[in-house]
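The chain below stands alone and is given in structure tokens; this is the form predicted alone.
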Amino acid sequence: MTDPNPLASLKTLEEEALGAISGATDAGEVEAIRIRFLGRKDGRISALLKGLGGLSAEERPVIGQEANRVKGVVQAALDAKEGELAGPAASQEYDLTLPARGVWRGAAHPISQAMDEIWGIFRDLGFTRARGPEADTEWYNFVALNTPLDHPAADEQDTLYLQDSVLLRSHTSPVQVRTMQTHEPPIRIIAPGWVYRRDTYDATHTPAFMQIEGLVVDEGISFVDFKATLAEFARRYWGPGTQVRFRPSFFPFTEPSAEVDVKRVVTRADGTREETDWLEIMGAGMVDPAVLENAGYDSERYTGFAFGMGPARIAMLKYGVRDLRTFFENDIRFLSQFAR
């Protein structure tokens, strides 16, 4: 190295580079300064670093350390200048006046919420939860429930058969029989689960839906127990002022049978209160003695009642939803209304 005072030269180069960078007005000029001072072939600071080999052993580390310091300072200044020049241009790509995107809150599906509320009420009334297979046999789905196989409900137009006598259960009532076969009274269960039917997908029907079945069996269970339990459920779910009505009906596995209706007072958005019409919420009845005997119980000793409801229908009534398909379209605008 022929430079008699390399430290002074490095200081001069640092000042020149920083001055040039400070006066740069565009990215092209910044790049030219980078090449002039830091370029590998002709960069002025790089040339000084290449000449370190000609220095004495004492000078080499001192000059090398200073050269690297100057190189780092110049590089940092170049990067800062590039950011400064790119800042205004980059900000033009975004409209900072737009409102921020809201944070989506996760929530349980409204049908799941209805099921949890229903289960919570019956749990407080002393019920336990029971489950059964979704693919079951004709015997459990029909015959054991006092429904002969020539009944319209067992027809292929209504039921989804798999093979031989195996089918996708059309209600959760088979859980009643399975529970009675494996447990001695007293029994007090709730059986939630999916059921399947050959229904057209429309505003009030779907081929797969949730159902909640209930069963109580013990000595001395009467129609009074049946009415009192379901009336208590309705008032806890819909409110203490809810009116409950039991209409005579028919189901093969209960006798007598009833449809359970409720009438309630709702408060509108404007604060006015209005009484609804009677709304059907479930089918129910006293367990038919034949069903008890099919499960191995003595129908002379034991009695009971059973009921079934669809939580989707309950949710429709509670939230004023008119189309069942709304629950299954996964529209975040609809589902976000149920976030708690």
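One-based numbering along the sequence shown. None of these values were measured; they are calculated from a predicted model.
Missing here is the form predicted in complex with phenylalanine; even so, the following discussion is about that form.
Every residue in the set 173, 176 and 283 has a non-hydrogen atom no more than 4.5 Å from phenylalanine in the predicted complex. The partner is not drawn, yet in the predicted complex one stretch among 56 to 64, 23 to 31, 38 to 46, 302 to 310 has residues with heavy atoms inside 4.5 Å of phenylalanine: 302 to 310. For residue 197, a non-hydrogen atom is located within 4.5 Å of phenylalanine in the predicted complex, even though that partner is not displayed. With a 4.5 Å cutoff on heavy atoms, residue 238 does not count as touching phenylalanine in the predicted complex; it lies far away.
Residue contact with phenylalanine in the predicted complex: residue 136 places no heavy atom within 4.5 Å of it. The closest heavy atom approach of residue 251 to phenylalanine in the predicted complex falls within 4.5 Å. Applying a 4.5 Å heavy atom cutoff to phenylalanine in the predicted complex picks out no residue from 139 to 161.
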